[in-house]
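Shown next are two forms of a single protein chain, provided one at a time as structure tokens under the names structure 1 and structure 2.
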Structure 1
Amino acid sequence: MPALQFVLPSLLLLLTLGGIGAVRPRSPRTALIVYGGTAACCAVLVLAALVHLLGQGGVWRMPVPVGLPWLRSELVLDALSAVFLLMVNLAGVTASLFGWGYGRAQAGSGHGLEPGRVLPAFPLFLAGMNLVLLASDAFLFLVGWEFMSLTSWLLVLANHREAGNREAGRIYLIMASFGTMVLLLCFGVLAGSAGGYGFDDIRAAPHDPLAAGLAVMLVVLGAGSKAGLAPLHVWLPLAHPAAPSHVSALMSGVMTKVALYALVRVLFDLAGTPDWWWGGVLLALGSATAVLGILYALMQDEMKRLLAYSTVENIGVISVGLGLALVFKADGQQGVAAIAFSAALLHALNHSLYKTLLFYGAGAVLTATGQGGLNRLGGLIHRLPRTAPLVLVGAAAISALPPLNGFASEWLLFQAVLSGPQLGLWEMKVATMVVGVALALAAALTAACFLRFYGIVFLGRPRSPAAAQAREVGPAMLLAMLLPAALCLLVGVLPGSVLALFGDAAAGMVGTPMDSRAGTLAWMWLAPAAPGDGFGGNSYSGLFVLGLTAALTVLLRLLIVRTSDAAVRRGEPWGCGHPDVGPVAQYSGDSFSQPLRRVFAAGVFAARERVDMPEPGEMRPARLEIRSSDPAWTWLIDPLCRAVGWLADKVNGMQFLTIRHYLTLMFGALVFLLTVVAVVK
């Protein structure tokens, strides 16, 4: 398979491009070389992943000449890696394209994107993510992981002059180091006393339940914090929006998926036979994450923060899918586990498509207006006639509207939830129902959230001069949005073909690929075959829904044209007869979410409104104050960050010791370690 021979050169080229980016970053030629080269490398890796998924499967190995003397490092591409490789690099191609256009537009408009801080780190970021997916031992994996974390940290700090971004960078660094440390411990536990850090050794070694359980807790903590599982999600909405839009798209759309890959790799592959409570943990965390994430997204008044919180929700949904797969696998029902696992993978792919699209859309709006706040936008459907329909596709897809892709994965996930009653444990039977209702609630709130997002940003009348004077973005950015939008439709209409790609990964992780009743017509239908006595006869076809709605609309249109006169008269908006007071009378983001805030957010988020209305005759303006707080921030992250800051202050003193003190410290450390070794031996 020749395409696979290009995997290692592509990785090396990505590393080289990082170096090129550092040389004269302000020159447009450098930007073209870096983004063009990155897009080419990612395209090659997409091809390699597709070749692997469409081919006979199996495992592709290539030794690399780095690593520890006693650990032969290899790049290994199996079906699971290939699925995630596809997601990461598809987004990599569009992000490079968007980044190139974005950099040029930002340089022209003077919104202050510093190419010197973006160009070197961007290819390295992608290289790090790819390395994580291809690593075959704990060391290479963690090297890739740190590469990914540190380069994305640099990218978060690309606009470091804003104080908010510096704070975001600090918290991101703390959370990233925390995550890596926990993962290090996790692999340590998995490797055991034999110290085999290669994934093959870990797979082969027997794991006692205690060690496996500990490793599971650690990986949920480490990878979960990177992915954004509640309550460790708080850094996402700070860090993701701080970076330039194409990097936000990658961080939110695919870096979280790389974290999920780590979760899948350890839970389904490395840690041995699963216990049912592993899945239970994921189900509980996932459903809480989904509902809390989307509720908080509903209350955001900044585009990219809103999108970042919506990523938290999607990660919750995917985790629920993985949790269901684990529970069913532990219960010995591999058929249903394959449905849940495929649904999780499909949702991950879908999220990577529509979330990058939406972040590019936000980037386009930022380029066109310089405004990121919902309440200063509006009416952009007229000013950005090409961006607006593309973002609408993204908003509809994430709201799980048929026939787009979001609905296909959600439908499949519900089918897995509905098989819950076949589980052996009655606690899990009830739990799957509760999880199902939580998923349904999250889905409904998502539709409300993106109705608000699209309605406030693109519809209505402009709320600021900047929005009124917006100009459409360039062709590179539009093409970068068109690609994921087209894929959203394609995956939604033909989910069967995409699921066929995931068959080997599901077989590798849960024991069997997803079975379809639809046989040779599987590409048209979503019809999971029910194993045993269970669920049957359910099917859905995005292709038919698309065809039918198109046909009916045409029919309707013909009928209407026949009976009515086609003229349309333009007039003043009627507004129920009230005189128009201008764009300020429109609903803003805050007023839109007010009913939802009252119903849902008063409890958990302590959302409060205070209205300061002047008495008649007073001339001061009225004020509305809305406050809410994320409990995870108050109780967990803030104390943690303050503790780290305090410790750093204390340790800072060690920079200024005399040579005598340093020698004493080293001596002390040596004695301490020798004592430890002596005691352990």
Structure 2
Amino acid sequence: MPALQFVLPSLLLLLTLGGIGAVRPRSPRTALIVYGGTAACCAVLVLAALVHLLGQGGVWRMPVPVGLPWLRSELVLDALSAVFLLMVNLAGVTASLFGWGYGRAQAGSGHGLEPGRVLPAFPLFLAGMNLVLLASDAFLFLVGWEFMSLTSWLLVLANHREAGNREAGRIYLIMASFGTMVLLLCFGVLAGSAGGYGFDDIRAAPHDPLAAGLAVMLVVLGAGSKAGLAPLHVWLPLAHPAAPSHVSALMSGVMTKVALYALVRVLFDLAGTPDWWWGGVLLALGSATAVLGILYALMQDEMKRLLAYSTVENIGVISVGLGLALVFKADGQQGVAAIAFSAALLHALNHSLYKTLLFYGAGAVLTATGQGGLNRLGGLIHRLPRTAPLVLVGAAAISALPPLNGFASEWLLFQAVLSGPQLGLWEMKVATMVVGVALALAAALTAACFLRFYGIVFLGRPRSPAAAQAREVGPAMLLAMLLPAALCLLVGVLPGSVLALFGDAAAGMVGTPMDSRAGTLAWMWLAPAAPGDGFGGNSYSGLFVLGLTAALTVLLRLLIVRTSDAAVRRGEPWGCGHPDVGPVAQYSGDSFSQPLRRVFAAGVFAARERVDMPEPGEMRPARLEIRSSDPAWTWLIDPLCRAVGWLADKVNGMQFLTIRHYLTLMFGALVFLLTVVAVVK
């Protein structure tokens, strides 16, 4: 309870900072106050979450003077809320720091962003996300959800003069409204005819299996559209590139986690005893999302769009973890369910760390060059010597390279996948193996995707004058990147200590915390245990891998120094026998992804290449045009938009009917409703 006393003042201060940002948005002092105050509030919320997770646990409650007259609203902090509160506000601290430096740099570079437009909505966005996590009833939850959606929509439109950004804002607003409407229906179904909208009332009420199943489908649609589950992910690759980089980091790194929190809260806590098919839905959607997301990321030429599709892939991986936890819980195997659930939480935390770091890196590149296209960059490892290694940490972490954090969570998730044969239903035994193959494919493609990202942006020679003249970004932006990079290493080296923080959350959602065979050395070893222990003694230590890697690196360096010439020699790059080869002859992003594009994307994404080769003697350059389409747009969103447009045209024609037609329609509607009432009764 003591830590919760600091939460409400922090939320109120975030609201106040939004007002301050709206009064004088162009003043540098206002930017310092807003970003500094936001960072302080987020730091307090991080401490509150840590105090809860490291303390005695339990549920902390604090009444708030808002809400419906018959509904007593409270702020509630339990173990699950505390885990997500930690993720959101860790990113909030670094985003505030990066945003302050980014705004100053963008204002001076003239790259188009107006930093003053970000100031009013930025702290309100964080306040909305925190309110969702602390809500104790459906009313307060949806107020926070809408607050989060509307403020993030304003941030997407920060640079509204570009037509593409306005279109991104329109699509985002439509998808956000759809998600809120569906969640409203979900809570209505869970509350039932008694109308108890408090989470305690919903939790205590008996749920009819049909109503619970309907609520599950509704929350998967509502929260899944906000999180980015395919095929409802279409707003992410539009909105993330349109927003400023530190806002993109929050939207991609933590707003999607708030949506996953909603999914977990309903599926594991409010909807009652799970059935196996709940997890089956998440397994199918999650594995498809993971593979499709990373395949499309591989074909992107724009940095932030690539990172947005990568978020889709990671949301798929986390959903698979949650789906496995539901399936094992329904099968009565709480021990394995706790492993899958802990793996999902750990991967969510890891994604919030390395994805914010990568978006900060993309923002640093944009600030230094004004270029976001991969094929206009290159050679930045020399021009941005401090940014380059930090981004490399993020790229290695998201590629699941040990000893960084991405490997630990994916390794733990595969331990749960390999326990699939222990399930009672043969359908789920087969399904978990298929899901394991999909996850392995997604992991391999992720490594290829970020090798392409880092290699094209930072290695080779500059492909444009802007890249050749880039300058390192300021200390605030570098510090904001350094913090998540250090946490990526720390969580990767000591994953057992972080998983210990998730024990109460796992116990509350699946019935038991994750057990470890490492005993007193659990802080050092990741050694999950379950009844029957079908893991074959698998264990992993990030600290051991780090020590071994460091020792091998030192030995290799000594070997190279002793056996090679002392002087460093530099030579011209080999040009396949052609003299004076320019930077344009380097491997580009398109050529890097060509084999994978031809193998995997020709069918699903309809990827096509068109080469315009001039005839001998013509002086115009040869051109390669690549086209692809997102199947979600082609098969779902476009047909749906056309159907809605057709229906709207038909309804629009009703305003020109005669009185006789109106009376006929009213009579028909009355007969229809009376028939429905008669059937229901």
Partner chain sequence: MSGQVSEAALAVLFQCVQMLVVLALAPLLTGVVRGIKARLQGRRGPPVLQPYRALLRLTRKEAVVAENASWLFRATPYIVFTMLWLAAGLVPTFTTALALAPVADLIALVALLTTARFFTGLAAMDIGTAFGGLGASREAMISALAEPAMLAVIFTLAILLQTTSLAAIVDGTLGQGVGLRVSLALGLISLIMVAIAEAGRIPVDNPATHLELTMVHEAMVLEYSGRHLALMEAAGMLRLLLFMALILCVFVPWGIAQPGDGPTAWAIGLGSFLGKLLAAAVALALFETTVAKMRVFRVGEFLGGALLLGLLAAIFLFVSTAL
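Computed from a predicted model, the values in this text were never measured in an experiment. Here, residue number means position along structure 1's sequence, counting from 1. Basically, rigid core = biggest C-alpha set you can superpose within 1.5 Å across the two forms.
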Original post:
Do you think the form predicted on its own is shown as structure 1, or as structure 2?
Top reply: 2
Original post:
After fitting the rigid core, is the C-alpha of residue 642 off by 2 Å or more between structure 1 and structure 2?
Top reply: yes
**OP:** Would you tell me if residue 12 moves between structure 1 and structure 2 by 2 Å or more at its C-alpha, with the rigid core held superposed?
**Re:** no
Subject >> Core-superposed comparison between structure 1 and structure 2, residue 22 Cα displacement 2 Å or beyond >> reply: no
Original post:
In Å, how far apart are the CA positions of residue 558 between structure 1 and structure 2 with the rigid core superposed?
Top reply: 2.5
